[in-house]
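There is one chain below, alone, in structure tokens, taken in the form predicted on its own.
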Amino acid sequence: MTMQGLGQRIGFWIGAAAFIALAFAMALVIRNEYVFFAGFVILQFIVLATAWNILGGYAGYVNFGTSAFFGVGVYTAVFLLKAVDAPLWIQILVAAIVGAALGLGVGLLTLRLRGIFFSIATVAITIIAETLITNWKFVGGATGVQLLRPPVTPPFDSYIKMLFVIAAVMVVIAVALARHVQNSGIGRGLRAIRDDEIAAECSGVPTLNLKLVACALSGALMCAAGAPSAMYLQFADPVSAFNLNYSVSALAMSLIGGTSHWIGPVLGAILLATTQQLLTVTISSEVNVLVLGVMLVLFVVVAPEGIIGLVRRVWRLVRRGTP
């Protein structure tokens, strides 16, 4: 590893530690509960967008199955809570394991498909998963299930603040994993698949194995992101847990931020999720889909490489104009 690479790694982990420390300090100082209700959603979407980008951005396989993995994460937590009264960290850990296994299984069934055929198959996964949960009475079935939060753990004075800090930790884990994949041989192989999969296969790149790894990692993060939502809402039902809005939002956030770098989905999720939360408070939650569509079309037309591509373009113009 070069000195520059070592410096970037140290800088990343210093920034990650500062981010978690800031989230923890906010939970201890700020009294307005809505900050944490909105903040949790924003952090959750950062994890989802980052997870989507591992397969959809790096490998170029457009995945509409985010809502399936998210919903499975929600109901994994519900099942563990009802069956064995498992604590939240166990719910998240088991959801990640289930998500990785589900991602591997789905990958084996669908990753031999390419282009629009793969995308359609991932939509079908959501429909199948929602139908199974709808008919599973133990976790509430079609009517949903009401959940009671356990006593809050000190030093937090409310459960939502604890969820906010947990979400911040999950963001660091997701981004660190995406960053590692991008800078490793896995990331280089996935980019080769995205550029030309047939040429990558001819060059000896183990394309199917790399896609399965990406699918498993992406699925694990998506399911883990869904697990705390059961306690966040204190309610779970199939319609909301498997809402296709999660799939569309994760895709849009990655495209808006830029899929070529791990920071892209983070920027896109912050921009879009923050905008949606502000609109929910000031106007109505019904306009969120409209805003999402308008911003996605705007960025596809004006900045097809997302915020990252736009910044790079401006930087090149600035350097070109510098004497």
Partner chain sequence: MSEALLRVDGVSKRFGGFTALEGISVDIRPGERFGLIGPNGSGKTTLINCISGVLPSDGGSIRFNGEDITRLPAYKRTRRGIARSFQVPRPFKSMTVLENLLVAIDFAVIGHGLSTRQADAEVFEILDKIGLAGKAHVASSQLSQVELRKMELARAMAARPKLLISDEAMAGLAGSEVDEVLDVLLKLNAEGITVIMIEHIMQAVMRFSERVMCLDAGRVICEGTPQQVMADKGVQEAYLGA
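What you see is a predicted model; the values in this text were computed from it and never measured. Residue numbers count along the first chain shown, from 1.
The same protein has a further form, the form predicted together with the partner chain, not shown here; the description that follows concerns it.
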When the partner chain is placed as it is in the predicted complex, which of 74-82, 198-206, 215-223, 231-239 ends up with heavy atoms within 4.5 Å of it?
-> 198-206
Does V175 reach the partner chain in the predicted complex, with heavy atoms at most 4.5 Å apart?
-> no
Taking the shortest heavy atom distance, is R194 within 4.5 Å of the partner chain in the predicted complex?
-> yes
Within a 4.5 Å heavy atom cut-off, is G115 in contact with the partner chain in the predicted complex?
-> no
Hey, in the predicted complex, is L210 touching the partner chain, heavy atoms inside 4.5 Å?
-> yes
For the heavy atom contacts within 4.5 Å of the partner chain in the predicted complex, list the residues of 15-49 involved, in sequence order.
-> none
